[in-house]
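So this first bit is one chain, no partners, the form predicted on its own, shown in structure tokens.
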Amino acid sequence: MSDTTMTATTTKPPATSTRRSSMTGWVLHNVVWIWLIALVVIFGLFNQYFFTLFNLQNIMVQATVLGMIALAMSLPLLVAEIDLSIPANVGFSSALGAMANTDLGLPFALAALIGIGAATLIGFFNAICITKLKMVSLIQTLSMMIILQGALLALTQGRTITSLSPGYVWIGQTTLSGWPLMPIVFVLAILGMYVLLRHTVLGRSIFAVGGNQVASNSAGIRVDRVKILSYTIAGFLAGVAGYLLASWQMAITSNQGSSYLLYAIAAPIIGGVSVFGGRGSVIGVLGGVLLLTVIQVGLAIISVPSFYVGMIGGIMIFIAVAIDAVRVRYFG
């Protein structure tokens, strides 16, 4: 008995080691907010303009479109899939809605619904290909991305559409007491996504499917249905993002939305959405969106050449994936 007790005592980890492990785990789980605070301080020290009210509003507006796309991207990731076509879906659906307004003369509300509806159907089609035809999501959505980029170019004929009606651009241009209204849509989307993922059966099923598809199927969860709903909701969010982008820019270009691909993938991963599925949070996605937006705005303010921004974004993705791998391996 004494030998057994002694063995158990000697193998017990020291309290200091446990505290260090707990602290390391906390840092890894909250690294996005630590980065964000550090960068805000650094950019503010380099240029006092960073802390002005106008710049804060600018960050909020830029974060809105990226945030909607990041929320859309996070849903396929949570079910251990991916959708590379979301930024292209944003561009195509925004052009479709805008041209329904300008060329067909449809009311702005109906035109916007056409664009959002088309994006939702594209998300649904992607899901059917992945679940029923058993296509690999990476390749299927890559092909859809190329198709939509070509369709956008054909639809616009390479021209920039600028004759959008005042109603169509209202949400992107209107302010209330100097504050832009467009970020309210992002706030509502965050709240809606939080309720969906944390307080609904579908949300719990999304995490279960992403964590272990075989076990979820054995537990009676309809895995294909969960994936279809995830992709369809992602398509809907992409359509809303496309409408907001057109309303904010007051124009449609032949490469609309393509510049968001890098950041759409980076924001959820940096925010803690696992590339292996089953883990992530809406608050984390918000942190990733704010971090990337602050980097973009901050680098512009301190006059860093724009061609370095993409490289820095790639480095951020690499670091985020590395941190995610460490977090999964050692801290679950």
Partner chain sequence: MTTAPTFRLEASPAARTVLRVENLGKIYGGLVALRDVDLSVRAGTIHGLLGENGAGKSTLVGIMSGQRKPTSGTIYLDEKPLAHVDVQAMEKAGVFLVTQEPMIIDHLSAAENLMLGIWPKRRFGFVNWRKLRQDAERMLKGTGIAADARAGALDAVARRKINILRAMFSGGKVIILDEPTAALTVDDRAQLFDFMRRLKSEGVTFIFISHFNDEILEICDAVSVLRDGRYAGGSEDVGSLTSEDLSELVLGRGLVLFEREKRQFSAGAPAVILKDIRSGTLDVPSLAIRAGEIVGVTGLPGGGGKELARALFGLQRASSGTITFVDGEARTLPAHPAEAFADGIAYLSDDRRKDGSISQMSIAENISLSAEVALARGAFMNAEQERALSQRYFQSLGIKAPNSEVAVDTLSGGNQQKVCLGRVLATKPKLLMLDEPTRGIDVGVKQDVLRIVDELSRTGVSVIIISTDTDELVRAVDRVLIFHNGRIREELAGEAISRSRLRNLG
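Not measured: the values here are computed from a predicted model. Numbering follows the first chain given and starts at 1.
Omitted from view is the form predicted in complex with its partner chain, to which the following refers.
- Out of the listed residues 254, 258, 249, 217, 217 is the one that sits within 4.5 Å of its partner chain in the predicted complex by at least one heavy atom.
- Contact with its partner chain in the predicted complex, defined as a heavy atom within 4.5 Å, holds for exactly one of 201, 133, 139, 104, namely 201.
- Proximity of residue 195 to its partner chain in the predicted complex falls within the 4.5 Å heavy atom cutoff.
- Not displayed here, its partner chain is approached by residue 279 to within 4.5 Å at the level of heavy atoms in the predicted complex.
- Although the partner is absent here, residue 205 lies within 4.5 Å of its partner chain in the predicted complex, judged by heavy atoms.
- Its partner chain is not drawn, but in the predicted complex it has a heavy atom within 4.5 Å of residue 212.
- Annotated contact segment (heavy atom within 4.5 Å of its partner chain in the predicted complex): 220-228, selected among 220-228, 124-132, 91-99, 233-241.
- If you take 42-65 and check each residue for a heavy atom within 4.5 Å of its partner chain in the predicted complex, you get nothing at all.
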